[in-house]
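The chain below stands alone and is given as C-alpha cells, in the form predicted on its own.
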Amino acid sequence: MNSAVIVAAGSSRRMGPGTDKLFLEVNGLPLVAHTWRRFDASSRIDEIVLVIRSGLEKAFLEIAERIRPGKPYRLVVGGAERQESVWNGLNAVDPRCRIVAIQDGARACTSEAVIVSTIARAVEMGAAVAAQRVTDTLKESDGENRIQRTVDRTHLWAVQTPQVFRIEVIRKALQSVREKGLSITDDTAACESIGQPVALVESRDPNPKATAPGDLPFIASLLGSEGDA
C-alpha cells in the first residue's frame, strides 16, 4: 500500500502578512486543492494524509466537498516545524503502508510521471526524490553581497517533492534526527543523517512550489495548459 502525506501546515511567511498561500484561488480552486487532486488521481497512491494547521479542519473539509476525492483521506494537525508535521503525518498513515510519498502542499503541478518514477526508485533503493539539475551559474558571496567565487554546478541538483521512502526508512531517519536534536528543512536530509542512499529522479516538466505571489501566474498557466482549471 502506498500513502501520500501532503504537508500543508506552513505559515506562508514569504507570501506576506495575513496570506495563506494554500488557499489562494488558482484556476478556480485553492492552490492546495490542485495538489490534493494530483495525488488523488495518481495510479500509485492508495490514501492521502493531509497535515494541516490547527483550526483549519473545516476549510479542508470544504475543499473535499468541492473536489470530491475518490481515495480515503484523513486530516492531521501538524507541528511547529516541518519535520514535526511530517512525523505526525507518518504516524497517521494506514498500518499497511509500505511506501510513503511526502509532498509540499504548495507544489501543485507535480506530474504523474514523477510520482510513478519516484515511487519505483524508492522501492528499489529505499528513498528517492524528484529533482532538477542546476543550470544557472552559481556564485558564493562573501556575506556582504559581493561575489567571492563561482561554484561548480556539475553535480548540483535542486530537490523538490515528492520525496518518497519505504516507510521503515523514513521513520528510522526522522527518529535519528529527533534523537540528535537536528533541524532539517527537507526529508532527504534525515536520510543523510543515517547514511541512507537517496536516488535523484529527474523532473523534466516544471514542478514549481509557490513561495511568493509572483509564482502564482506561472502555476496557473501550467495547470490551465493541462486542463486542471
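Everything numeric here is computed off the predicted structure, so don't read it as measured data. All residue numbers refer to positions in the sequence shown, first residue = 1.
We do not show the form predicted together with a further copy of the same chain, though everything after this point is about it.
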(request) Given a further copy of the same chain in the predicted bound form, answer whether the residues V134, N145 and S221 all have a heavy atom inside 4.5 Å of it. (result) yes
(request) Select from the listed residues V114, A106, V129, V100 the one whose heavy atoms reach within 4.5 Å of a further copy of the same chain in the predicted bound form. (result) V129
(message) Looking at L29, L56, L174, A199 here, can you tell me which has any non-hydrogen atom within 4.5 angstroms of a further copy of the same chain in the predicted bound form?
(response) A199
(message) Can you tell me whether N91 touches a further copy of the same chain? I mean in the predicted bound form, with a 4.5 angstroms heavy atom cut-off.
(response) no
(request) Although a further copy of the same chain is absent from this view, report whether D186 comes within 4.5 Å of it in the predicted bound form, heavy atoms only. (result) yes
(request) Please run the contact check for E124 against a further copy of the same chain in the predicted bound form: heavy atoms, 4.5 angstroms, yes or no? (result) no
(message) Test of understanding: in the predicted bound form, would E192 fall inside 4.5 Å of a further copy of the same chain by heavy atoms?
(response) yes
(request) Scan 146-166 and note down the residues that get a heavy atom within 4.5 Å of a further copy of the same chain in the predicted bound form; none is a fine answer too. (result) R146, I147, R149, T150, V151, H155, L156, W157, A158, V159
